[in-house]
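Listed next as structure tokens is one chain, alone, in the form predicted on its own.
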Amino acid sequence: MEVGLMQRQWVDYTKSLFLEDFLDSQFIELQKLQDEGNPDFIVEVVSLFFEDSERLLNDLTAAFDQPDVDFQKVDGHVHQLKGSSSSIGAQRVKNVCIAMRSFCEEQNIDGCLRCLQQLKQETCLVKNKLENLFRMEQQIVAAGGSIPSTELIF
């Protein structure tokens, strides 16, 4: 496939991630930190987020398996997930965390469990979307092209 076409597909795909609220402007800020000296910076940061989010989602699941739910502990896990999702610009994940923290405050188990399911789904979705984005970037570079600047998209 021709490099120019791959770059246009990358631009369209990246736009869709923002328009569908998978990502927010924090992801663009993260991209600005990547340079020739650290070309895998974003992939590394995002990989750490997914490792951390998997651990936190497992901790949350275990917390709701207890006979007496410790909402303070649950809120702490959700707070961590909210912070890490905000740092990479995973907007949908962050928004579910905000809703779940409200349910924790109310000690609403049903609301929390719905949010937990939604968190698992949104985390999986954004992981798949970002893996696809990174795969597209690898193909562009392998074909001799460069990744267009996200700032120019908007």
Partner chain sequence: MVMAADSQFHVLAVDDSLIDRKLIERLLKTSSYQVTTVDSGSKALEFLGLIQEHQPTNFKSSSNSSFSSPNNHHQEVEVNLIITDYCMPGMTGFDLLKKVKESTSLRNIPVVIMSSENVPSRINRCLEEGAEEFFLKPVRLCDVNKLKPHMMKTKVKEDQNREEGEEESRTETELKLVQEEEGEIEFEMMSKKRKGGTEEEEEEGLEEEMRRRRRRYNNNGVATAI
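Residue numbers count along the first chain shown, from 1. Quantities reported herein were computed from a predicted structural model and do not represent experimental measurements.
Only in words, not in the display: the form predicted in complex with the partner chain, which the text now covers.
Residue contact check for residue 124: none of its heavy atoms lie within 4.5 Å of the partner chain in the predicted bound form. When the partner chain is considered in the predicted bound form, residue 114 lies well away from it, no heavy atom lying within 4.5 Å. The shortest heavy atom separation between residue 52 and the partner chain in the predicted bound form is within 4.5 Å. The partner chain is not shown here, but in the predicted bound form it comes within 4.5 Å of a heavy atom of residue 79. Here the marked residues 35, 38 and 45 all reach the partner chain in the predicted bound form, each with a heavy atom within 4.5 angstroms. Contact with the partner chain in the predicted bound form, judged by any heavy atom within 4.5 Å, is made by just one of 25, 16, 138, 132: 25. Proximity to the partner chain in the predicted bound form, defined as a heavy atom within 4.5 Å, holds among 63, 57, 109, 30 only for 30.
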